[in-house]
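Given next, in structure tokens, is a single chain: the form predicted on its own.
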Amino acid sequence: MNIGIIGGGWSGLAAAIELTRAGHRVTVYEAGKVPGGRARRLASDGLALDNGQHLLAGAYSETLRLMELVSPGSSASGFLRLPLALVYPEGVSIRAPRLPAPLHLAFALLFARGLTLAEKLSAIGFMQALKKIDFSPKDDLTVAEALAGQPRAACKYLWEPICVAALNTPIGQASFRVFAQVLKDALTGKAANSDFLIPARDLSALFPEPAAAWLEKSGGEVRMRTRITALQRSDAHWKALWQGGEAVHDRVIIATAPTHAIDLLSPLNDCRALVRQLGTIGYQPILTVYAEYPALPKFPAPLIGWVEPVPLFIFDMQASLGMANTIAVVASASGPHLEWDDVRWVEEIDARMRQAFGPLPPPRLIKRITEKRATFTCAPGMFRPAAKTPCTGLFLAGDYVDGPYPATLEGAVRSGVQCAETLLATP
């Protein structure tokens, strides 16, 4: 088949790889100048910065598999890998030792610093209770409701940071069913599943660019700076139109954000109900601030966390990307921090770094990036569409498409793979 894929992000490229491997001719259309979608490289003052600092997990099996396929060795060399470590300047730290599972997690909780024995045992009991139901809660509560019996410290320093980092949704809104799946994949199975993977190269170079190069070498085509503005049914085929051009495909995958999918689907009569449902999806932002110091002290871990006044993580960019004396500050989900200007951010970063390391000169802000619709709001009972649309030969891929994962890179990649499988199984 001749298949068109609209969107050169992680899901679109994953679908393209799987379809190419199955022997089909694929054309990927990407509106931007760099592949990667909402996880890509931005050029800023001569620096290769990402549009948001990302943290992956060792459990991201599909992402690592496809990385290895298009660029052998990159699944290891592309990351700074470290055991699970939640480190806070208040004296709390939860670190997993290099032990077989589940001992690594038990030791991490039992020997956590800054938590009482009762708090540690309560956290262990919470995981044991989830294990008894195979991490599949019957009722889809919010995470806050599910954590109602947990001690405040366990929630504040363990469960809440994991939830916000993985689901990018405040615990009062986040789906406990999805959160339980994240805990199952990351904290059970192999000990390496819980590892933190911090990208050691920019996001576009990590997977999207090698994937695009692999597709080109394998007979596919990747058309950058090509924004598809409309889709038209043409007999048993689909016509994709862009400014100054058009192409006909046997099948089409829309692998864009939901808002862009709505624009393409709205004129199609068979997809009117789907468009209304897609319009109910809510969104959450991710804000990243890059800052530089004249000199940085040694971090106790490549990333350290804060919980007040807003939850955030600070990444040591020298440890991962080799950017000397540079940090990336990430605040996930909605909150008052979205209203802070550059001056306020410098003050907040300065205060936190002084709290952790003592007297330091104030930082210089390099770049503040806000992705206002970075992810969908991963709430209980939210609508997530199937990969197959009501329009024959038209499919959807993306982290928001129906699946067990939240809006993560792994969720996007798995959606692309699943979409390819669904397309191939559809007459």
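Only a predicted model underlies this, so the values are computations on that prediction, with no experimental measurement involved. From 1 onward, residues are counted along the sequence shown.
The next section is about a form of this same protein that is not shown, the form predicted in complex with a small molecule.
Note on the interface: of 368-376, 381-389, 64-72, 354-362, the segment with non-hydrogen atoms within 4.5 angstroms of the small molecule in the predicted bound form is 368-376. Looking at L55, you'd find a heavy atom of it within 4.5 angstroms of the small molecule in the predicted bound form. Mapping the unseen interface onto this chain, I6 counts among the residues with a heavy atom inside 4.5 Å of the small molecule in the predicted bound form. Shown alone here, H260 lies within 4.5 Å of the small molecule in the predicted bound form, counting heavy atoms only.
Remark: T226 counts among the residues lining the small molecule in the predicted bound form, judged by a heavy atom distance of 4.5 Å or less.
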